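Here we start with a single chain on its own, the form predicted alone, put down as structure tokens.
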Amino acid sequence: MARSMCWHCQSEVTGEYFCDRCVKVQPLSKDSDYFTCFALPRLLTIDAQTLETKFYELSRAFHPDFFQRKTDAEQAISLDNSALLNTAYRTLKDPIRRAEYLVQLEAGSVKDIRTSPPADLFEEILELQEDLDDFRAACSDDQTSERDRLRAKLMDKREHLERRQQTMESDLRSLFTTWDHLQTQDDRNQAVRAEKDATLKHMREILSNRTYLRNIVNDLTATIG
């Protein structure tokens, strides 16, 4: 986790967080991924208690309060390490964010995949947009009965989209098991590598579709209340 050479005395660092020779705190490597920070394998099913225990252990080691009387360099390192750990913990603690992060590590950012609706959602979203336009018009014209009818219709559609989102998340979790199993296999095997690539592609597609669908549901909720 720490650099191989101490930033202060230039001696080899064999411990994880502090130099054995000068006992200076060492910065967590910026090249380390979040899994490495917590000494976890790059899996999608992780033990929450193990993650939490490691997080509090490291948080205590790097807490800025313990470095108030240290040098400016040591204070800066403690702050940077604490910030990195907090971000890493929030990411790995949440299953969806954890999956997004792993896919980003392995196959590029999910956000770069899609800028338009999934094909099978396109017609449904067009119809939804028309209903939203009609609802806004009814609100503007103070058409109470029409407004209430459209709100009820849109609420039904929101429930449908939320169920669809839940299905996506269920499909995603089933791929967690597939990925974790593949991680135990020999990555030099072409068949294993091909299956891992296919699994990553599938997860990336689901995550992208889920993000799009979640944004639609949020917009719908903001409109109809």
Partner chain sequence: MAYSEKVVDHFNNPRNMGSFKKDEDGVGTGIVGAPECGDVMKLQIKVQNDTIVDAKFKTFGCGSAIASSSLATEWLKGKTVDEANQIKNTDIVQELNLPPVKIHCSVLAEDAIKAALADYKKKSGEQQ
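Numbering follows the first chain given and starts at 1. Remember, it's a predicted structure, so these values are computed and weren't measured experimentally. What we label the rigid core is the largest C-alpha set whose atoms superpose within 1.5 Å from one form to the other.
Below: the form predicted in complex with its partner chain, not depicted.
Here the marked residues 10, 72 and 78 all miss its partner chain in the model of the complex; none has a heavy atom within 4.5 angstroms. Within 4.5 Å of some heavy atom of its partner chain in the model of the complex lies at least one heavy atom of residue 126. Residue contact check for residue 212: one or more of its heavy atoms lie within 4.5 Å of its partner chain in the model of the complex. Interface membership of residue 106, defined by any non-hydrogen atom within 4.5 Å of its partner chain in the model of the complex, is ruled out. Among residues of the shown chain, residue 148 is not one whose heavy atoms approach its partner chain to within 4.5 Å in the model of the complex. The stretch from 137-145, 150-158, 87-95, 118-126 that comes within 4.5 Å of its partner chain in the model of the complex, counting heavy atoms only, is 118-126. With contact defined as any non-hydrogen atom lying within 4.5 angstroms of its partner chain in the model of the complex, the stretch 72-90 contains no contacting residue. Relative to the superposed core, residue 123 undergoes a C-alpha shift of no less than 2 Å between the shown form and the other one.
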